[in-house]
Structures are given as structure tokens and as C-alpha cells.
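This document opens with one chain alone, in C-alpha cells, the form predicted on its own.
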Amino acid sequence: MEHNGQQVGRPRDSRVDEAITAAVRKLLGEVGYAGLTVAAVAECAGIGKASIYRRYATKHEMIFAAVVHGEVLEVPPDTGSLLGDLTALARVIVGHLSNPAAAGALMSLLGEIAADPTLAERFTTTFVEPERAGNAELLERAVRRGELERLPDIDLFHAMFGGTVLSWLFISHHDPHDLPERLARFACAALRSAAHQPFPSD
């Protein structure tokens, strides 16, 4: 049986997942993004290509899962405050995007995804929607606590928060050491301010 282009049934062997991740990261360091192939990853990991294609429909999904994050994301931790939650989320995103493997592959990967509508749709379903769901849970908690009067635009928040980290690291090439705290404070102030603004009239 297949789900979103991937076979499901027996539980996945975490050892195979770990071998794929290690092989992708190793090969990115040796041959770069352009030189990496599914066949090379399978050989390096000591597995068959079928094991990879049972997990990932494309090379792009395999690489993103190995260097950034997979399809399953943990719910952002509940720290008890909006600022704390945003700081924790920012630390996770910075951690995902600042590892050396991501730095070496992400911009090329995103460029190929942007140029292929079918690939972009799969990428959104597989990786972006789980991110948005986690963002929504974080912001809904703030509403339940009374820190925000209403739920903000989730898509806009997702693009602003993650996009800022992407720009900081890959366009401006700034040091990310204090970015999580700075971004969290900025976003928290913006969200609280926006929550008090009236919706625009039609």
C-alpha cells in the first residue's frame, strides 16, 4: 500500500533511516549536492535503492529529510509563555538550518523545488504542512493562555519566522549565535501588537 507516494506497512527500521542520513551527509561533503545520487547513497549506506524509495519518492525529499528534518516533527515544547515557546522554536529552526550539511545543499535543493511545480507541491505536503501545524499549535496555546487575543495568520507567521532564519544564514551570512532570542523577542512583540489591531474592513 502507498501513502503520498511512499509505501507503508511494516514499521520502518530506524537503523536504515540513520544509515541513509549518515550517507547523505557524508556524500554531500565529498561530492556536493550536484554529484549526489540515490544509487551512491544506497551503496554508502549498505542498503538497496528500494529501501530508499520506500521512504522517499525523490532524491530531493531524501536530502531534505537528511539535512533539515523529516516528515514527522515534534510539537513545539510548551514553555508556559509565548516568548519562551518562540525562543524554543527559533532554536530548533536555527539548529536545523545551520548544520554543515544543510548549508551545503539547501539553496540548490530549494532552487530545484521552486522550478518544478509537482515537486513543490509534494514538498509542501510532506515537509511544510507539518511545520505549519506545529506553528499553529504554538500560537493556539498563546491564545488559550490569553497572551494573544486571536490567532494570527499562520501562513504569514510561518513564512516570516522560518524565512528570517533562512535569510539570516544563507543570504546575509550572519552569525546565528543569538538569533533565536532576538527573533523570538521581535516576533513576540509583533504578534502582541498585531493582536490589538482591528481586522481590515472589506
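Note that the rigid core is defined as the largest set of C-alphas that superpose within 1.5 Å between two forms. Just so it is clear, the structure is predicted and the values come from calculations on it, not from any experiment. Numbers follow the displayed sequence, beginning with 1.
The same protein has a further form, the form predicted in complex with another copy of the chain, not shown here; the description that follows concerns it.
Another copy of the chain is not shown here, and in the model of the complex it never comes within 4.5 Å of any heavy atom of N135. When another copy of the chain is considered in the model of the complex, G104 lines it closely, a heavy atom lying within 4.5 Å. Residue contact check for T79: none of its heavy atoms lie within 4.5 Å of another copy of the chain in the model of the complex. The closest non-hydrogen atom of A19 lies beyond 4.5 Å of another copy of the chain in the model of the complex.
Just one of D175, E30, E149, D153 comes within 4.5 Å of another copy of the chain in the model of the complex, counting any heavy atom, and that one is D153. Residues placing heavy atoms within 4.5 Å of another copy of the chain in the model of the complex fall in a single listed stretch, namely 167-175, out of 22-30, 167-175, 138-146, 36-44. With the core held fixed between this form and the one not shown, R141 has its Cα displaced by under 2 Å. Relative to this conformation, an increase of 3 Å or more in the Cα-Cα distance between L89 and K59 is found in the model of the complex.
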